[in-house]
Structure formats: C-alpha cells, structure tokens
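This document starts with one chain, in the form predicted on its own, laid out as structure tokens.
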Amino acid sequence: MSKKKLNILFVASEVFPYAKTGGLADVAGVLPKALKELGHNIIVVMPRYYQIDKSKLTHVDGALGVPMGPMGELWAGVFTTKLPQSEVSVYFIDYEHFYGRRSLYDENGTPYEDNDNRFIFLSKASLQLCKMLDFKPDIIHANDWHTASLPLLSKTRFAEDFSNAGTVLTIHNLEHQGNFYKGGMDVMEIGWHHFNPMEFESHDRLNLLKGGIAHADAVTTVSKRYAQEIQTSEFGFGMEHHIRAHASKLFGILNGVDYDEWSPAVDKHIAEHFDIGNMNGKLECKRALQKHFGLELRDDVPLIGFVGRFATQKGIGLIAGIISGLMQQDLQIVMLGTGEKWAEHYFGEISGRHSDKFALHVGYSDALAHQIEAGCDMFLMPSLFEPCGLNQIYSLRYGTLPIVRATGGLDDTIENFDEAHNSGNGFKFYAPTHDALYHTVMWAVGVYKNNQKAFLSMQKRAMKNHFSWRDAALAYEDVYKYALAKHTK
C-alpha cells in the first residue's frame, strides 16, 4: 500500500537564500525540498522583507485580508517563486508597515517593539493564504517563536478551515522565546482563557513559544542531544519545567546538509576541488586562503578557522580569553563573523598586532565561508550551547577537523579522537572554560604536527560522514504521522 502524500504548510520567518540570520533559514531552505522529493505537497510562507527584490518574484493576483483583532483587518500583497533547484513554491507576504525595514528583527541590536504583531500577522496571513489558494494542509509546520501561534490559531480563530490539520513546532533555538506585552492576546483573538501559566503566560507577559509548545501536536528540536538538554535548568532558559511537561511529544531530529552546496568536489567558491581520493586540492585551498588574508605562506603551519556570530552562545568569550596565549604558538587563525561590538574591536586589535598569524573579516561572505571550510586544517566551534550546528558538519565534509564543546548537535555529530584505536572525527572538550578550550586546541595542534598519519586518517574518516536531508525528511515524516494520529484521537 502506498503511503499517504501530505499537504504541508511550512511557515518560517527566514528562508535561505532570501533572508538569513541563522540556522533556521538553512533548514527552511532545504527541508521542504527534501519533503517534496519524498512525494509530499508542500508550500513555504515567509515575509517579503524589503531586502528581497520583488522584481525577481511573481505577483499573485488579489489582496490578502488578515484579521488582527483591535488593529482591524490589514491587507497584504503576495508574491511567489520556487525554491532554487526545486518545484517547491515559496509565498512572500508583502506588507510594508511590518516588513519594509532595514533588518529582519531589530535595528542596531534593539528588537523592533512590534515584533509580536509582525509575526502574529505572518502566522495569520499564512492561513489566509491557504484559503486564497484553496490549499488544505494536513500538516501545519511552525518554526520558532515567530510562528508558534499557529498551532492554537488553527484550532480556535481559524478552526472552521484548519481544525483537521495536525500541527508541528520546531525549536531551532530555545533562547529566543517571543516574550511580549500580554496585549498580543487580543491581536491573536484566541481568547484570554489561554493566558495562563500552562499556556501563553510567563510572568504576566505573553510567551509565544511557550503557548506553541503547549498546543502543537508534536514538538521537534534540531538534534537528539538538544531535545534532552532543553529539559534541564542549564539549557532550558526558564522553560525546562514546561518542556518536561510536554516531553512525550518531543522529538530530536538532526539537521541535514545540502551537499550540492557544501562539498569540496563541487564547491564553486574554492580555489581547487578535492575529495577523499585526491586531497591535493585542499593544500591549494589553504595556500589561497593564506594569500587572501595576507598570512605567512606556509604549508606546515596548522590553520584554524572560525565562521559564525560573535555572540556569547557561540563561545566568543572563550576564544577571546585564550587568543593571546594562542598567538604565542606556531599556528594561524582566520575568523569570519559579526556580532557583539566588543568582540569585533578586540579581535581587530589582535589582527593588527599579529597580522602574520591572525586574520579577521568582520561581516558575512558566503564565498569566504566556503573558502575557510576548504582551506583550514581545523575548525573552531566552542559553543556554550548549540541546538544543532551546521558548520561542524560542513567542516567534516571538507576534512577540516572540528574542535567543539560537547553540547547539543556538536556532541551528536563529533566523535572525539582516540589515538589508541585510531578513531574519531574531531576534538571535543566538556567544561566551558578557557583552560579546557586552550588545551583542546593545543591537543589538536599537537596531533597535526606530530602525527600527520593519524591526522590524515581522521580527515578521511570525517569526509565519509554523511548527514543527509533525506534522512531528516524521513524522520519528520514520522513526526507528521504521529501528529496526525494524536490530533485525530
């Protein structure tokens, strides 16, 4: 008997390649394609931020009326296109008052005061769009706090059209919960009886993610380890008791990687292609990276890379605490990222003092991120917490051995080097301390310098690791079945 093909509504605040601040966009840009390849009918909905050029999109005829409680009915335009290399339709909600801004969520680090209205609007607009398109979803897949109102909206305000749909909420990062003034309850139009500590209320404020967790038929996180960690006080951000209360419907599904985009055999951004059978191109990529950054051109020096946000979560404070000590060693470091201003200035000063062995690019460059993955010998990722992490998985494919803290998806994907048994694909430390990070970096450097045979063997093991979106999509398919079965009980 053939399996049922599902109609899936997938709603996210950011989708690669149209808008991105983090891993959510990567997932939203690839998972729907993998689900489509399994035979499901899926549409993706996101805002039309004004950084997205509408001239490259197709306008959808008609206007979308979105009921917003005391704000009245607001009218939005809709544009559409296909996700690259796919037949998945993406729909963009066009409303200048909410999305015609410089940034997605904030201005110079200060969140927009009306973020609650902006994303309640997105959630409601996505349901109204389904009605306009006559698309009847079997599954409504919400992502993070931005769309966490969807599970209850579909069962209350929009129950007439969507009460049969199963709902799934994916938590990409629990730190961000959508905490707002409680007046947003009126905008949602779901009834104030849902404003209580078991649902949307948190310290007399509206917590959108909390309500989404309570009402979704299934909740997922982006790695198995993170699903366990968010039930603890260390990683729960005050939500651990609430999550434990809903643990029976919580699933951890590791993100996949788009190997059409991230593979040294086909990467269009790197100096020379390479793969397990012929690693010569990796050395050429290293030389090209050293040349790009003006570092000393040396084949024998270990080159360590970092790509990511300069944020506390990413362990940027740990790196800052040991960088002066590392500069006394025979190694090179390149960093690409942006974020906390103190970190940008501090690492800028380091690059000025040690320009022969330390280089910094403040900002983001997709091409340079690929070049760092390809050209480095090791990749630094000392996150204090990491729901999944993708850069360590990219690094494995490029034979760039990860140095990581054993948390979340980092712990799930990286096996610690064991010299006695010639096993492992990277280097792990456990305590979030300067000493632990420093000694792990020096351990990795020592293996690189003193046991090249073991290092090369580990690189080849790393490059054989495969984290496919098809596997992730099959796991989500199982969760969808669970959500539907639970919903129809």
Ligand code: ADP
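Just so it is clear, the structure is predicted and the values come from calculations on it, not from any experiment. The first residue of the sequence shown is number 1, and the count goes up from there.
FYI, the form predicted in complex with the ligand isn't displayed, but the following is about it.
- The listed set T413, N391, S154, T147 contains one residue whose heavy atoms approach the ligand in the model of the complex to within 4.5 Å, identified as N391.
- Contact annotation: of the candidates E419, E284, E234, D366, the single residue with a non-hydrogen atom within 4.5 angstroms of the ligand in the model of the complex is D366.
- The ligand is not drawn, but in the model of the complex it has a heavy atom within 4.5 Å of L336.
- In the model of the complex, W262 approaches the ligand with a heavy atom inside 4.5 Å.
- Put simply, M381 is close to the ligand in the model of the complex: some heavy atom of it is within 4.5 Å.
- Contact annotation: L24 falls within 4.5 Å of the ligand in the model of the complex, judged by heavy atom distances.
- This chain is displayed without the ligand, yet in the model of the complex the stretch 301-309 from 301-309, 181-189, 195-203, 158-166 comes within 4.5 Å of it by heavy atoms.
- No residues of 446-470 lie near the ligand in the model of the complex, the criterion being any heavy atom within 4.5 Å.
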